[in-house]
Ligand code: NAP
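Below sits a lone chain in structure tokens, taken as the form predicted on its own.
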Amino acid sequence: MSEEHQNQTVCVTGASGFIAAHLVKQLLEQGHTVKATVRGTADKYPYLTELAGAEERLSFHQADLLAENAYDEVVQDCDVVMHTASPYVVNVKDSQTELVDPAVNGTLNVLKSCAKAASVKRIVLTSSLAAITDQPSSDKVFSEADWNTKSDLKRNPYFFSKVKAEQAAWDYIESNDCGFDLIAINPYMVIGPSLGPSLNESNKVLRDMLKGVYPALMNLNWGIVDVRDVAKAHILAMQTPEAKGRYLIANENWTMTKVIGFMRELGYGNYRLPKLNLATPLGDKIMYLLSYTQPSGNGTYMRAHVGKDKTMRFDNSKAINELGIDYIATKESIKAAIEDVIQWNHIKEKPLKVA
């Protein structure tokens, strides 16, 4: 780390979140001062207040993401702002008001506050692969150059909210004379150990495999990345002067069949893992029909992602070459995620008895 990028003051919005908590931890470990925006008071977040360096270099600030000027004070004297806060809900009644408006307006509120602070030189935005695509394709290799143009308020509305929020950020930068630049981090399926007790949506997928929520193996696949690597990518983007634009953050693509097989290797075969194999052409048709029996968010996701012809292929070379990120092995990430959901008691079902 260059002397210029040592001991910086960094604001992390939504600091209690899955990715953000690791970001706070790594920033403190590197000697930075962190201003954390949270919904409650510090005593609600012992997993943050007890981090090494927190007593000396971590402060908590309450800020309403949807209130104009709410971030004016907290970003003052900050060198970098890491904007991670955004709603993550798959099934909603009103996609516009519950997902898109909060994501877009929250992002713009943070950027507008940063524009008033002469100290801020860079904003690192937590975006998502959802802003790149909402449907895998075996015929397409996705990269930072791609934008998701298929999602809307009815089709994968969460994905749509990520598209609109990131686009709003880039539009703001282009339309205003800002004293800072913008870097977007676009991770895929983020799993791994959680510093706090909440269950994040990606670890929940693995938890649900263990507890029998999935009735069968399906033609599903994910580009998996460790939460610790996603946090590291944010910091590398902060510390790399030449960093520019968007960075797709994902390690390896794993099928559901491969994930379940590895779970059995780890010794979790006595949990309620799916056994019926519908990862077949006939199974694809069955799952497509069943998708219409699911809540709207789950249903549209299934139709966009289940199928032999929907294999996610991505080019992650930009982050490797420009940021120098070195990914944690996928097996280690899956193992850590499973141990995490058990440790936090997110799975209460007892393992099946083996005769």
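Since the model is a prediction, treat every value here as computed from it, not as a measurement. Position 1 is the first residue in the sequence shown; the rest follow in order.
Missing here is the form predicted in complex with the ligand; even so, the following discussion is about that form.
Asks: Between 109, 76, 202, 135, only one gets a heavy atom within 4.5 angstroms of the ligand in the predicted bound form; which residue is that?
Replies: The residue from 109, 76, 202, 135 that makes the contact is 202.
Asks: Which of these residues, 193, 274, 102, 283, gets a heavy atom within 4.5 Å of the ligand in the predicted bound form?
Replies: Selected residue: 102.
Asks: Given the stretches 141-149, 77-85, 169-177, 266-274, which is the single one in contact with the ligand in the predicted bound form, using a heavy atom cutoff of 4.5 Å?
Replies: Looking at the partner contacts, the answer comes out as 77-85.
Asks: Does residue 19 make contact with the ligand in the predicted bound form, using a 4.5 Å heavy atom cut-off?
Replies: Within the cut-off, so yes.
Asks: With the cut-off set at 4.5 Å between non-hydrogen atoms, does residue 68 touch the ligand in the predicted bound form?
Replies: Judged by the heavy-atom cut-off of 4.5 Å, residue 68 is well away from the ligand in the predicted bound form.
Asks: Do residue 206 and the ligand share at least one heavy atom pair within 4.5 Å in the predicted bound form?
Replies: Judged by the heavy-atom cut-off of 4.5 Å, residue 206 is well away from the ligand in the predicted bound form.
Asks: Going by a heavy atom distance of 4.5 Å, is residue 29 a contact of the ligand in the predicted bound form?
Replies: Contact check for residue 29: no, nothing within 4.5 Å of the ligand in the predicted bound form.
Asks: Does any residue in 253-278 get within 4.5 Å of the ligand in the predicted bound form, counting heavy atoms only, and if so which ones?
Replies: If the 4.5 Å heavy-atom criterion is applied to the ligand in the predicted bound form, 253-278 yields nothing.
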